[in-house]
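Next up: just one chain, as structure tokens, the form predicted alone.
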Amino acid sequence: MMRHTRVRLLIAIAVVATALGAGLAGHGAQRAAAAGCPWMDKHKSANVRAHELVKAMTLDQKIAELYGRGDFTHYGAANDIPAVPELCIPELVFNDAGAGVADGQQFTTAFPDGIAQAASWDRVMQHRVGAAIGWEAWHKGIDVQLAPGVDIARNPLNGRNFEYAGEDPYLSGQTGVAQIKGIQSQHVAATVKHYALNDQELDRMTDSSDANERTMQEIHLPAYEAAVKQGHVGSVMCAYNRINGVYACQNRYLLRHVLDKQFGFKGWVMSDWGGTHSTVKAANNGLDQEQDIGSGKYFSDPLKTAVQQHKVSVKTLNQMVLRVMRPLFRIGVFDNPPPTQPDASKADVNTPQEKDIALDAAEGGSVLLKNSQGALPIQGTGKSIAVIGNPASPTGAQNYYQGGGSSKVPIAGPNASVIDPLQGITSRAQADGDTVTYSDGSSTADAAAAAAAADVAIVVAGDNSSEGVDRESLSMSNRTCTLFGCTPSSGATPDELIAAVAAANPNTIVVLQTGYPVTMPWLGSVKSVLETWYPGEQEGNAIAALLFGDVNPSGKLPYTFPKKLSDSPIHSKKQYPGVTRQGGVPHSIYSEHMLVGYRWYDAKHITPLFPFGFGLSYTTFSYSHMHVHGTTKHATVTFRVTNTGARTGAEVPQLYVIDPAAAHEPPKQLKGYTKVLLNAGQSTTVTLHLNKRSFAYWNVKKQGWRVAPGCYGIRVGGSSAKLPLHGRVCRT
């Protein structure tokens, strides 16, 4: 049966009483001063309130809101901007990121990383995780959460892919929207990042991502558009890299033309930490706020001087401040300020309710890739089980519950711990009277001996990754990575270990912990493969529940898994890591254009190891009775999904559109999906809606979205490679 999560308490009084008390007292003075702040009237619109506030501010007060203090005043904060009590402006505290409240914060919950959240294909779950992170952030005194990340996984070697939502712009956008709405439901502003075309860590501070306009509009920008138009995100973080030779944080095309005019963005643009490179150019081209590990270099006194010298107009300055204040009013940061620092940082928000959400998310995002001869779930009593591999151990799990870098949530506090796979499997096995032995895999001979003596061998294998470091290949390695680099380990590689165990025991099950696709030279020798990504602090409990069938796997791949790197869209040095041109600037050429991910494999007729959208279950599903109504202006697609197996399970019906030749589009593109839970034998009717944009391509000449003449194929099924239902929609 699928686990039913308990409803989280509105306020965990016993856990956060100290912080709440401090917060109420700290903001009493601000509320008392509200009588002198007419913009604190909640009956006025956010836009009116923001205009009133900006009109009342001095030049110095305006400048002060446009750069971070950079002195690490508060523990566990990425940055902060001081309060202005006389204007009722709250202090702004910033924090990373999308898998929990990080930056060294203690007593918070480590949720699954972004890729695991995306693999659930479950908007409801993604919203729950976002709301849980927002709830914890608020109680920890955070006003702005630096999440989610929605960059497209163009490059399978990007070390930061684990933070993002995969290779498809529609899936990435919808995942981001759900997370944003969840975070902002708790009166914490979300920040979508890293805008844009940010797909490598090797030269992330200098590289120029060179792509044509149509490629950007159709592949790399739609997720941000969804974040703005559907998620109403408070802030956008511009990236470190250049785009077509111009730094993202002063790129007029991206910031003014696309974000402001095309998307209608009304929030503010902040730089990534150290991503600001000028004062006048950045301010005039659309950057609103400088963030850095130090105090503002460009948007502090230099910006004030630029305004006084009329190099940046007062009108532009006012707009910059207005864009910061308006979403803070809309989201509720002014009206519902969090508890004050430093007391808030002491609050313990890693509650049982938050742990339940982390567990559900880890289970829902895990993907069953192979399951021959019904090897899973493990059933029966009295079995001997060998658990093998360093990532399964308490020590090893510290490197695989999340990826490294600014987003990693440290495990600290009386209620905090990583439930390692060995602990989770051993505890669950005891309930069935099974016995568990363990080998760390440092010796393949010892691992093989342990496997040979057991009924079932479970190899837990991982590939560690971190912000700041790219991968060297698609093979799993022994290295341990942090923001400051990777340290290689001795001994057998994960692939060698799996091969040795599989040779010793025909009933070998592999549990993968990766943030991206990996190759599997041993795939034909093992019975089952379960991809759990970086599943957060509840990883051991989630893995055990999935292996023993307490929970039915329901995740689907947000990435295509290639058989080898040369099969992928990125197969030349010009594409990655790029070539250095005159002036010493490396340029990555997006010569694959729109053929990213499954679009490439379809167009080039390359069979991948596992296709996009793929994921098995312990039950089976059938699709039938599809009906398509409408035109390319608006179409409705209905069909039946039936659980044809003997177990309750969840399925993700996926809808792909095939454009007519006149559109010059990739072979097919995801344009709709949902997730349905069905009991054994149960059927349900699913309805998916398509609007004009679902059929449109970006017309560079017309500078807009256009629908090509002709009829469009509609394909529906359980993965990009298995779409049994066919229909069509025509342009009138």
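What you see is a predicted model; the values in this text were computed from it and never measured. We number the residues from 1 along the sequence you see.
Keep in mind the form predicted together with a small molecule is missing from the figure; the text below concerns it.
Contact with the small molecule, judged by heavy atoms within 4.5 Å in the model of the complex, is confined among 187 to 195, 281 to 289, 374 to 382, 517 to 525 to 187 to 195. Using a 4.5 angstroms threshold between heavy atoms, Q353 stays clear of the small molecule in the model of the complex.
Shown alone here, V101 lies farther than 4.5 Å from the small molecule in the model of the complex, counting heavy atoms only. Within 4.5 Å of some heavy atom of the small molecule in the model of the complex lies at least one heavy atom of S406. Among heavy atoms of D151, none comes within 4.5 Å of the small molecule in the model of the complex. Only one of D272, E531, D80, D360 comes within 4.5 Å of the small molecule in the model of the complex through a heavy atom, and that residue is D272. With the partner omitted here, the residue from F329, Y618, Y240, F548 that has a non-hydrogen atom within 4.5 angstroms of the small molecule in the model of the complex is Y240.
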